[in-house]
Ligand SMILES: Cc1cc2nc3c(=O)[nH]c(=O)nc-3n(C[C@H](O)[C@H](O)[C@H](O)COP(=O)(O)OP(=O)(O)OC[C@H]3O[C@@H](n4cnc5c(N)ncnc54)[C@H](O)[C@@H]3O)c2cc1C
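Heads up, the chain below is alone and in the form predicted on its own; it's given as C-alpha cells.
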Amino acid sequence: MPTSSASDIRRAVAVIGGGFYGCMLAVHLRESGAEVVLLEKHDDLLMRASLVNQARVHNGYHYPRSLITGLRSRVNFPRFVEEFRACIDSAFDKIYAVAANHSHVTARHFVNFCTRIGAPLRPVPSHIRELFDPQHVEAVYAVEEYAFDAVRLRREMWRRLRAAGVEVRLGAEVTRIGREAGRLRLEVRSPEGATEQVVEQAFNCTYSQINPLLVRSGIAPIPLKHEVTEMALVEMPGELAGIGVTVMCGPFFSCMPYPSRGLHSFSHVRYTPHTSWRDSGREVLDAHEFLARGSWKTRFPLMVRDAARYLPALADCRQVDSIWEVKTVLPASERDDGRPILLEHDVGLPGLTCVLAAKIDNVFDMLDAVPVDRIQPHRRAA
C-alpha cells in the first residue's frame, strides 16, 4: 500500500456513501468535532436510492403491521418537515384507502393503529370517495403526508456539508478496507488513480453496496435482501392530478407526487419488484453492476390494469418514464413491513460501522443512535 501522508492522519472519520444518510451523518460527525471526509463513487451526491424512490415523507400510516416503525415515522415527521421545509411538497391531497379483499388489515384495524400512534385521519369529500370502486375498497381517508423534492434536498445537503467543513470527494470508490497500526486504511479508486485514506473510524453507508465492500475487505457479509425495483413515472388524469393515493395493506399500489420531475410515481407491491436475492456466504452480487447489466422491461401495463380496479380513473394515466434501483432491506422486515435501522459497530474490523436505513424521514433516529464519544480525536502530525 502507498505510504500515508500527514494530511491522511488528520482525517479522523470517513463516511463512505454520499446518499442522504451518509451526508447527514457526515455533517453530524463534523459538528460533533471530528474531521470528516465523505467518499462518494458517483459524480454527485444523492444519485442512487435517495433519488430513485417514492419521495414520500412518512407520517406512520404506511406501517399498520409494525407499530414501532409507524410510531417512529409519526415522531420524526414534524421534525423532518420543519428542518427541510424548502424541500417539501405539501400542495396535494393525500388519500389512504383500505382494500375490501386480500388486505392484511381492515378499516377498523387501520383506524385503531392510527389512533395509537396519533396520526390524524379525516373523512374525504364525496367527490373523492366516488373515485374508488366500492366493491374493491372498504374505506377511504384523508391523511397528512407529504413528498420531498430530491433535487432540492441534494442542494440542501451540499449547503450543509460546505457550512460544516466536511471534505467531499466525488468519483471516489472505496474498494477495500483494512487495518494497520491501529487505524483503518481505505483503498480508494478514482479517475486520477488509486489512493489511500487513513482514518480512525469509518462508516459504511453504501446501502445496496454494503456487503460487496465488506466481502472485498475479507469480512463476512450482513444478511440482507435486495430487489430490483421499477418506479413508473406518470402523468395523472385531471381528476387525480392534485392527489396522492395509497391503497393498502397487501398486494396493492401507491401513486405519489414526484416533485423533482413534476410527475407522479406509480408503484405496485406485486409488480414493482422485478427480481430479488439474498446475500449469503462470501459470494455476493454487486447490486449496481447487476442492475446495469440487466435488460429490464416495464411492468407498467400490469400495474395500471390492476390498480384501475380500485381507482378506475387511473386507467387514463400516461407513463412518461420508469426509474430503476435496487432496494435493500433486512430480511426480518418481510414479516411486518417494518423498516428498522441497522447500525452495527466494529463489523469485521475495530472502528468500522455499517449503517442501513430505508426511510429517509427517520434519519434522526440514526443520528441520535450514533455514539459520537466513540469517535477518536484527530491527531495532527508533529
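Since this is a predicted model, take the numbers as computed values, not measurements. Quick note: we count residues from 1 along the sequence shown, nothing fancier.
Below, we turn to the form predicted in complex with the named molecule, even though it does not appear here.
Contact test in the predicted complex: residue 16 vs the named molecule, heavy atoms, 4.5 Å: Output for residue 16 is yes: heavy atoms within 4.5 Å of the named molecule.
The named molecule contact at residue 330 in the predicted complex, heavy atom, 4.5 Å: Because no heavy atom of residue 330 falls inside 4.5 Å of the named molecule in the predicted complex, the answer is no.
4.5 Å heavy atom contact, residue 288 to the named molecule in the predicted complex: So residue 288 counts as contacting the named molecule.
Partner proximity in the predicted complex: residue 347 to the named molecule, non-hydrogen atom cutoff 4.5 Å: Because no heavy atom of residue 347 falls inside 4.5 Å of the named molecule in the predicted complex, the answer is no.
Option from 25 to 33, 311 to 319, 38 to 46, 64 to 72 whose residues, in the predicted complex, bring a heavy atom within 4.5 Å of the named molecule: Going by heavy atoms within 4.5 Å, the stretch is 38 to 46.
Option touching the named molecule, based on a heavy atom within 4.5 Å in the predicted complex, out of 157, 95, 87, 231: Of 157, 95, 87, 231, the residue with a heavy atom within 4.5 Å of the named molecule in the predicted complex is 231.
The unique member of 141, 207, 252, 271 whose heavy atoms fall within 4.5 Å of the named molecule in the predicted complex: Contact check passes for 207.
Residues in 36 to 72 with any heavy atom within 4.5 Å of the named molecule in the predicted complex: The stretch 36 to 72, when checked against the named molecule in the predicted complex, contributes 39, 40, 41, 42, 48, 49, 50, 52, 53, 54, 55, 56, 58 at the 4.5 Å heavy-atom cut-off.
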